[in-house]
Each structure stands twice: as C-alpha cells, then as structure tokens.
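Only one chain is shown below, in structure tokens, and it's the form predicted alone.
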C-alpha cells in the first residue's frame, strides 16, 4: 500500500504509475471514471472526425484563459504540447534560438531534451541555439531576498543573453519557462519578472511560452493558471498543458493567439494528431473541469495550501535543517540546508528523509540542483488532515535524525 506524494490517506489501495500531480482531482474520481465509461460506450474516433466534445472542451478552456489565447491544439502528453509550442514559436518568428531557465525540464522528446538543462548537461551538452538564464530564485540564486530589485536584475540577465546572442548573429524565437520552475527547486519567481522578460523577448522578435503542465489548473489556488501570479497585465503568447487536465488520462493542450496559429497554418503543412482531442479524452477533460468547479478545488487548494505552509513554517522554527518554505496553493517546496549562513544544500539528509518517509507510506521526492528541496504537489483533494499527518511525520523523523546525529557525535557533518 502506498501513500503517494501525499494523496488523501483514505486512498491506501495500490496506485497507478501516474505521479500525484497528474491526478489533479484524486485517484479514480467517480465522475471522471463515469465520463470516460459513458463516452466509450457511445463513440471514440481519431480527430480526423469532428465531435462536439472537442468544441465544448475548447470553449470551456477558453473561459479560464485571457481572451487573446483563443486557439487550441489538443494532444496526448505534455511533451507533445511543448514540442508543438516550440514549432509554433519558430514558424511565427522565423527564428531558431530558445532561452530557458537553468535546471529546467520540459519533456522527454529529443527537441525538449535539447532545451532542458536538467537533461542535456548529462547527455550531449548545450546546443548553439540554446541559451540558459539563471533561475529567478530569491532564496539561493544570484539575486536574493535582500537585493534592492531582484526582478530587474534577473530580467536583465535575459536581456544580456539576447544582446550576446545578437552579437553572434543569433535570433531569439522564444523564452520557454515553467510558470513556477518545478524541477529547478519549486521556485516562486518574483512578481513582475515575466513582464520584464517578455518585454525584452518581444523586442528581440521572440515569443513567451509558459509551461503550465505541472502547475496549472487551479493548483496555485489564487488563480487558475500559475502565470497569473505575475499580475493581471501579463499574458504569455503560448501556454502548454499536460497530464493534470485529464487527471492522468493522456490529454494535453497548447493554447495560443490567432496570429501565431495563422502563421503556423500558412505553411500549408497541416498539423494532425491522431488521438489528440478524441471524444473520450475531451469528455474526461470536461469532467475534470466540472469536478474542479463543483468541489471548489481551487479555493480548497488555497485553504489547504495556506494551512500546510503554516505547519511547515512552524517546523522551520523548530528544525534548523529547514532553510526555506515557499509556495502557492498546493505547490510547495521545503529547502533543506546544512547551515543557515551558506545555505548549503542538505542533499544526503534530504535523501535520508524521503527514504524514512517511504517507510511511513509517504512518497515525496526532491528537486533542485542540489536535490535537497522537498516537493509537495499532491492531488487537489488533499485535505488538512492529510497535511497535518504528513507534517507530524516529518517532524518526528527530523527529530529522530537530530538525535541520531548527536548520539554519534557527528554534529559537524549533520545539518544541525
């Protein structure tokens, strides 16, 4: 039996291979199962044949997004969505180069490994057309919480990259980033950063792509989309969505503007995805939106997320190994450190902690360059009782770890 990355404790049966963040509204939600079953009994075709579900789903999605994002392409996975976003950007701009954030991960296709520093640094290295900008991390990044204007400072890093690229005759097609860098360490970019970056990128003739695959669909609580945390005046040119929109069913989407879509269509080479937007997938997508609305899961994510953050910050006071607690809604990171001054990643300690948590039927994992950030991205049905159970267990295990360090008289190598 598994308690997988903190889903509700009532769900102790064997879970599927989907990560919990993909199970946006919970494992085997009856409404989702019913929608799939009923549509399967009626009709399922490839997307060469139009069906009302596709149009209905596009209309429902459009109501959650800014008005200019009104063209939708349906696909099967987040990787497919990000690959298509890259194609759209290049066709529209007639440029090739892409700016990404350090330690980013955007998918497993070859095209996406090329723009994922998390992957390519362990493989064939960085391509000439890829440019890596610093993660806008105000806790352990280049410009921290005490910087007078970290927003401008981080955005200027992107501006400098563009200027250097232009000197080499390169042209920017896109700035490609998760709205909240996840693999990069559960980072919350300072508000206003995307606006300034978009200004530099647009001036260079590029577009802004917001990867919402892990962080969209109400997870951040305050807003339906994580990019909206930056402010009402910020709208990406392209938004990508993945697994959570189908609650783990293969469903993904790219939303963009008419101008970008028309430039893509002008090639005369049609875009066709055999199963993207099929009737069953769209029925499931509609059911997910229904559940989020009916069960008030966005407001729930805010309430439970605030409660979880409060509990974790209380642990930060109690356990010096916790250097930072950051997040929004049910997207939260706990940064474990060896010392308060240097903020050295407590990599071994983090690994030890998640191993001990597994023995308690709680599956957490780590992210960030130092593999020291505990990531909390449970299904949005995760509740306060679950939150307290998880944090109480973490408290107990950290206390045990501290006692073990003291008893072994190895405090110099322990986080405390």
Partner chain sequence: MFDEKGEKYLDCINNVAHVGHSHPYVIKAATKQMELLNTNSRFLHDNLVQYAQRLTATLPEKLSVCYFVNSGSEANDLALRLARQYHGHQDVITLENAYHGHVTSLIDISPYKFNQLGKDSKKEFVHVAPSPDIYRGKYREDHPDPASAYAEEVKKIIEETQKNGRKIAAFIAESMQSCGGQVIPPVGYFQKVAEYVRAAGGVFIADEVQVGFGRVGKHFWAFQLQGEDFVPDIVTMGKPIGNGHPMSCVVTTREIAESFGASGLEYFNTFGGNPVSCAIGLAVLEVIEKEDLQGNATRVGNYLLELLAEQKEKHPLVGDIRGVGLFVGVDLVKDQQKRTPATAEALHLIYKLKEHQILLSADGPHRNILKFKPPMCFTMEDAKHVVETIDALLTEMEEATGMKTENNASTNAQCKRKVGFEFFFLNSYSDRCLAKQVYITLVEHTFIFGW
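Positions refer to the first chain, counted from 1. This structure is a prediction, so every number in the text was calculated from the model and none was measured.
The same protein has a further form, the form predicted in complex with the partner chain, not shown here; the description that follows concerns it.
Asker: Verify the flagged residues 41, 44 and 76 against the partner chain in the predicted bound form: is each one within 4.5 Å by a non-hydrogen atom?
Answerer: Spot residues vs the partner chain: full contact, yes.
Asker: Name the single residue among 130, 309, 263, 113 that comes within 4.5 Å of the partner chain in the predicted bound form, judging by heavy atoms.
Answerer: Going through each option in turn, the one that passes is 113.
Asker: Using a 4.5 Å cut on heavy atoms, which of 319, 343, 196, 87 is close to the partner chain in the predicted bound form?
Answerer: Only one option qualifies, and that one is 87.
Asker: What stretch, of 216-224, 268-276, 332-340, 144-152, brings heavy atoms to within 4.5 Å of the partner chain in the predicted bound form?
Answerer: Flagged stretch: 268-276.
Asker: With the partner left out of view, is residue 251 within 4.5 angstroms of the partner chain in the predicted bound form by any non-hydrogen atom?
Answerer: Answer yes; at least one heavy atom of residue 251 falls within 4.5 Å of the partner chain in the predicted bound form.
Asker: Answer for residue 122 alone: is it within 4.5 Å of the partner chain in the predicted bound form, judged on heavy atom distances?
Answerer: Yes, residue 122 is a contact residue.
Asker: Would residue 243 sit within 4.5 Å of the partner chain in the predicted bound form, counting heavy atoms only?
Answerer: Residue 243 belongs to the contact set for the partner chain.
Asker: Applying a 4.5 Å heavy atom distance criterion, does residue 28 contact the partner chain in the predicted bound form?
Answerer: Taking the distances in the predicted bound form, the answer for residue 28 is yes, it comes within 4.5 Å of the partner chain.
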